[in-house]
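Shown below, as structure tokens, is a lone chain in the form predicted alone; questions about how it binds or moves come after it.
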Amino acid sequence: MSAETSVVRLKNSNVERKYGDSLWQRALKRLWRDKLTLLALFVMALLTFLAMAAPLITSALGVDAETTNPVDRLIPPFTTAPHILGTDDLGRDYFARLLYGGQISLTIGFFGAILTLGIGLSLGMVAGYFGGRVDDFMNWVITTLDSIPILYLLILISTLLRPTAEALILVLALTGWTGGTRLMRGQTLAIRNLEYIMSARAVGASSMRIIFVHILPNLLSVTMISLAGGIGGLILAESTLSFLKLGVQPPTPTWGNMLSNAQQFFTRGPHLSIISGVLIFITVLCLYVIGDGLRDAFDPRTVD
């Protein structure tokens, strides 16, 4: 066998391997080369770990998120041990409150986005697959809800429910599912008449089997992309409601209500506003970068 023949076969095998990869394999390879998205994933993983490990960290440092001490109120960061990031207006350790606040804020964002997308995914697939009156009714409901200003709807529901983290997740899911439903409906409409769906119908597959076995797997990449952006959007929504005093109420800390309460102490304790605001900014920015990276990774038109 000549050297030229070996080179040609090696090139052909590389081409076959490249184009033989599945969508998920190609997406993972693209993500691995996307350093900005990897950095955002690392930062989000670090913030999530710190928030979830809040009891262990505060216990190791000997601080508490709820213990007040008027003598130590509004201490600046990095001046007094063990208060690494200073104290708030009641003398509570600010680092501890940030950890526990992140735990609540991230929980609202993650679970609120999962519930919102779960509703949107289910209704969107049903409306897109069945079409006809089902689709018309769903479009009427979505159009009606979208015609109501979302902020007013959030305020109305928040005043009727006790503002806890669980209630806020429910409120945000009930008011935010319409966008996900529109997206999933459009994707389902594009898939339902493809050849493999027609073949499944021809062999007698039930509608539920076609929806959950054949259509749903093709929507997972879109769902992941929407989930990243949805988490960031819900964290901002929680901060907005906290600013309006309709979010989770103190003394339970969230980044949103900590930022809202800190505005009156901006001249005497600027660290209270700056640190919580920077954390919200970094978290939301990372989530949108992750969503943008996932969109590029799963785009079949992307050239490797």
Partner chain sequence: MIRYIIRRLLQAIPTFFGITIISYALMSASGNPVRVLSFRPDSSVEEQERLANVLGVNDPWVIQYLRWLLGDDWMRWDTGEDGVADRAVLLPLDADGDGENEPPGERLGVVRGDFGNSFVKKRPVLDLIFERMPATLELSVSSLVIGTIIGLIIGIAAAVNRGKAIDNASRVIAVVFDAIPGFWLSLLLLLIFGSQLKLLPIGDRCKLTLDDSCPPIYERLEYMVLPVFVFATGVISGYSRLMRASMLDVLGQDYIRTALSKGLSNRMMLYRHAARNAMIPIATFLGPAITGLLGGAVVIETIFNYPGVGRTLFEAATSRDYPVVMAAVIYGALATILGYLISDILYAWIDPRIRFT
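Bear in mind that the values here come from a model prediction, so they are computed numbers and not experimental data. Numbering follows the first chain given and starts at 1.
The same protein has a further form, the form predicted in complex with the partner chain, not shown here; the description that follows concerns it.
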{"query": "All of Leu156, Leu160 and Ser239 within 4.5 Å of the partner chain in the predicted complex, heavy atom check", "finding": "yes"}
{"query": "Distance check, Trp32 to the partner chain in the predicted complex, heavy atom within 4.5 Å", "finding": "no"}
{"query": "The partner chain contact at Phe281 in the predicted complex, heavy atom, 4.5 Å", "finding": "yes"}
{"query": "The partner chain contact at Pro270 in the predicted complex, heavy atom, 4.5 Å", "finding": "yes"}
{"query": "Exercise: Tyr152 in contact with the partner chain in the predicted complex, heavy atom 4.5 Å", "finding": "yes"}
{"query": "Contacting member of Met208, Met198, Ala190, Ile148, with respect to the partner chain in the predicted complex [4.5 Å, heavy atom]", "finding": "Ile148"}
{"query": "Listed residue (Val248, Met44, Ala51, Leu259) with a non-hydrogen atom within 4.5 angstroms of the partner chain in the predicted complex", "finding": "Leu259"}
{"query": "Interface segment, criterion being heavy atoms within 4.5 Å of the partner chain in the predicted complex, picked from 139 to 147, 108 to 116, 218 to 226, 200 to 208", "finding": "139 to 147"}
{"query": "Contact set, 215 to 230 vs the partner chain in the predicted complex - heavy atom within 4.5 angstroms", "finding": "none"}
